[in-house]
Structures are given as C-alpha cells and as structure tokens.
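Presented below, as structure tokens, is a lone chain in the form predicted alone.
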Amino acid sequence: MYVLITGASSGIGMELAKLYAKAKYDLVLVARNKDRLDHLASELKSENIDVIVKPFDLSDLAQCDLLFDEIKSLDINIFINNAGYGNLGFFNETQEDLELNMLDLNIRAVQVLTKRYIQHYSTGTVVNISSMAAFLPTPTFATYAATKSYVYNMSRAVNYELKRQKSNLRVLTVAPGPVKTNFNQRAKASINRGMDQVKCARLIWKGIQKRKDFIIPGFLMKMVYLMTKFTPTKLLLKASYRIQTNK
C-alpha cells in the first residue's frame, strides 16, 4: 500500500513523507528536484519500506499524465496533492508568465490528478492542500489566494459528490495557515513566520488518519477561519493587506 506525495522534496510534503515512512507505508515521492528526492528516499529507506522517486514538473500537464501512467498499477491508498507555490507582489507588477505557471501547478495539476485518481481507483483518499488564503481575497497575493480558493471549493464539492454516490473514495481538503518552509522564500517574502512545518505535518497526518473531510492545522487558524465567516470583506481586505505588506 503506497502513499503518493507531490511537492515531496521539502516543507510539508517532506515532513508528511517522514511520518508515513515511520508508519511503514510505502511511498511515491514526486517533485521537480531529483537530487533532493533521491536524498530523502535514501533516508526513508532506513525504515525498511519501498520508496519510489518520480521527478516530474507537474506544471506541465503532459507530465501529470506521464506520472499517472507510471503509477496507476500501484496500490496507492492515499494521494496527496501538495505541490504548489505563491508569488508576493502587486498584481500590476508581478510576472505574468510566473502567475500562469502557478495556475497550471496550483489548479490544473490538482484538477487533473484528482480526476485521474477517482476515475481509476475504486477506494482510497485524495488529499488536496489548499490554504487559509482560500477564504478571503488577499492583496499582494491575489493570484495565489485565488488558486487555493479553487482547490478548496472543488475538493469539498467532489468529496460531497462521492459521499452521495456511496463511493469508497474521498477527497479531503487541508487549509494550513502560514508555515515556516521554503514557500516564503520562493514567494519572495522577506519574513518567514508561522507554524513549524513538523508540527503542521503532524496535525495534517492525524486529520488524514481520521479521514476528516476538512483539516485546519492549529487552534489559532481555526479561530481565524471562523472570523472570516463573520467579518465584512472590506475589513478582511484591510487586515490582509497590512499583514501581506509587512512580509
């Protein structure tokens, strides 16, 4: 029984891989950087599990299909769509090609791989990593927040469909807040603050084990989520802008 994790070479993806390795799950690790994947795989094989490395750039949809063709014969019980990135900056100043690539990775790859999994397998769990940014428009992080809103809404809706169809498949949604990973460096944020990535991964792992439909790691972020439900958008925009421009 395998767990597949995209974006496994660092951050939350890497920490989830370590947790599943300790729990004796076989792993399929996916990311662009083969050297990092190989290093992680050599470390995890000490747990006496099978670790398969798949270096793919999932922002290229052709590579999404190649990946699925290579893994569809495996008994993959959990498929974690974790790969993604953001880009901090004013919309009229950020690079369009970078944003379009972000749409391909954060949305289209998740869409394609989720569909491939639930059409091919009769039982199992897809875990799609969204973000707390999904719940409010986020100035200077507009495109990223919009991509995560798509992931959140698509995943929740598909999971409900599967329940109504009495399927043995589920699509779980995870919405972390800020986490101390290399995400902020890639997003060009000068401040790297948030939850420790090990703690965040552990909370996500526990939620997946319980097959929770919706996972928000950490009490504080749960409170923030509730606040977004009752706070006027105008105030949320002001608060979000202040937070983002201090990064």
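Throughout, we count residues from 1 along the sequence that is shown. Everything numeric in this text was worked out from a predicted model, so none of it was measured.
Only in words, not in the display: the form predicted in complex with a small molecule, which the text now covers.
Chemist: Please identify, from 163-171, 124-132, 87-95, 70-78, the stretch that has a heavy atom within 4.5 Å of the small molecule in the predicted bound form.
Modeler: Selected range: 124-132.
Chemist: Please tell me which of M154, V112, A146, L105 lies within 4.5 Å of the small molecule in the predicted bound form, judged by heavy atoms.
Modeler: Contact with the small molecule in the predicted bound form is made by L105 alone.
Chemist: Among the candidate residues I216, A201, A31, L27, which is the single one with a non-hydrogen atom no more than 4.5 Å from the small molecule in the predicted bound form?
Modeler: If I apply the 4.5 Å criterion carefully, the residue I get is A31.
Chemist: Is it the case that Q209, even though its partner is missing from this view, gets within 4.5 Å of the small molecule in the predicted bound form, heavy atoms only?
Modeler: Looking in the predicted bound form, residue contacts with the small molecule do not include Q209, since no heavy atom lies within 4.5 Å.
Chemist: Taking the small molecule as it sits in the predicted bound form, is S42 near enough to touch it, meaning that at least one heavy atom pair lies within 4.5 angstroms?
Modeler: Residue-level check for S42: no, no contact with the small molecule.
Chemist: Quick one: does I12 come within 4.5 Å of the small molecule in the predicted bound form, counting heavy atoms only?
Modeler: So I12 counts as contacting the small molecule.
Chemist: Might G177 be said to contact the small molecule in the predicted bound form, defining contact as any heavy atom within 4.5 Å?
Modeler: G177: yes, in contact with the small molecule in the predicted bound form.
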